[in-house]
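As a starting point, one isolated chain is supplied in structure tokens, in the form predicted alone.
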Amino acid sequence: MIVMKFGGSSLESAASIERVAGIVKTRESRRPVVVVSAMGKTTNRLLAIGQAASDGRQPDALGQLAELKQYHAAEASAIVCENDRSGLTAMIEEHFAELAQQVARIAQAEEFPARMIDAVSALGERLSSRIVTLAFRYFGIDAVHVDSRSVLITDSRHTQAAPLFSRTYARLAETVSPLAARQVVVMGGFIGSTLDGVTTTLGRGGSDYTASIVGAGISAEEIQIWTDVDGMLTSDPRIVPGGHLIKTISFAEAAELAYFGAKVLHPATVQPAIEKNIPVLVLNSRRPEASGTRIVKETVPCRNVIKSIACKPGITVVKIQSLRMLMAHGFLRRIFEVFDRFKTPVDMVSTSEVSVSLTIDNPQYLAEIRQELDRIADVEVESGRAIVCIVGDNIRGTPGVGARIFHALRDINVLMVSQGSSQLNFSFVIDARDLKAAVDALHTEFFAEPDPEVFAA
């Protein structure tokens, strides 16, 4: 069995879904389990509907709801068998009637709490997985739908739920594995439920995570992540085009890249795959003939020092200094307790004799965090920054890497430096305005002669 995950851009229209059906059909003999995201930008649109309702703009919310309903009905009706059309109509009506009820409750309460965010945003995958199942039948694939909420069991931390792995794996083995032996199983990504049956979500990008969890639960031979790019590249094409395709990369390197901005893969995706030693392939649904990137457990030998350059704009640096508390027992703990209390992850940390600097990419609670920190230290905040992360297994055993990095960046001011404990990455912070120049200079320095065994031209 294999798992095939398709993202929203691969399902944005009837034509896109037809293309996906063609890809799945060529792999039908491998007994695929298909995990799908919401169609197009549906999740963003659902959240906008909920927010409009909570802001007192219920007519606007209902107008957006009607447009989203029409979008799903129009695209789906073109790829569903005549005998399934009445069922399709009833299914769409049922889901959007449920959404209308949720909009009314949100408007009445004048708030959009986390539990309701999950209930609203989950509708995207619930709809797409049923539509894709019907479409597969239209294109001659014997498909069956499984509601992910019945098998992916999580805790109750809404919008960022954590899977209860032992229960989830047991349900996947009991439910999905027997079905996949006979039919193509279609499931929605991103969504799950608590033991009490309350809908939860795994966080944005969670469909990749779902695919990995499903793969581990059914002992799949391979997990395929189908996106709209050819695979993982040596640089972010949105920053510096012309990067090389990485043919093979290790789980450890891929995880570093995913965390530090490589949008091709959700950072949590690789963990269940690592535990079960299941290869992950990143492939392009618009160019299914492309070989993609293969992610494996073993270290991948490479003549180049690094595998890729990831970057993360939209970074805020928080500088904390307290001569009174400096080096005092518990000072760092008190700092990080503040960020933990406001559920704000920290990306990078750098310390000196007189200060602690750290970075965050979510400034939602920055004002509250600063108010708390001001009680124990002097705080300075710098926005408009970016993290650049150089990743490669060879970094830890190659002398002079730092010298090459700083020589390439000789005309760019580096504001903060950190090297991960794994020594697989070397990260630094710069002004976001220098991001393109920095990545361009580093790519020229480290990929003048890419190893043909690891990189495609």
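Nothing here was measured: the structure is a model prediction, and the numbers come from that model. Numbers follow the displayed sequence, beginning with 1.
A second form of this protein, the form predicted together with a small molecule, is not displayed here; the remarks below concern that form.
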Legend entry - residue 425, heavy atom within 4.5 angstroms of the small molecule in the predicted complex: no
Inset, instruction - Would you please decide whether residue 279 lies within 4.5 angstroms of the small molecule in the predicted complex, comparing each non-hydrogen atom pair? - result: no
Legend entry - Partner proximity in the predicted complex: residue 207 to the small molecule, non-hydrogen atom cutoff 4.5 Å: yes
Legend entry - 4.5 angstroms heavy atom contact with the small molecule in the predicted complex for residue 38: yes
Legend entry - Which of 150-158, 199-207, 330-338, 357-365 sits within 4.5 Å of the small molecule in the predicted complex, heavy atom basis: 199-207
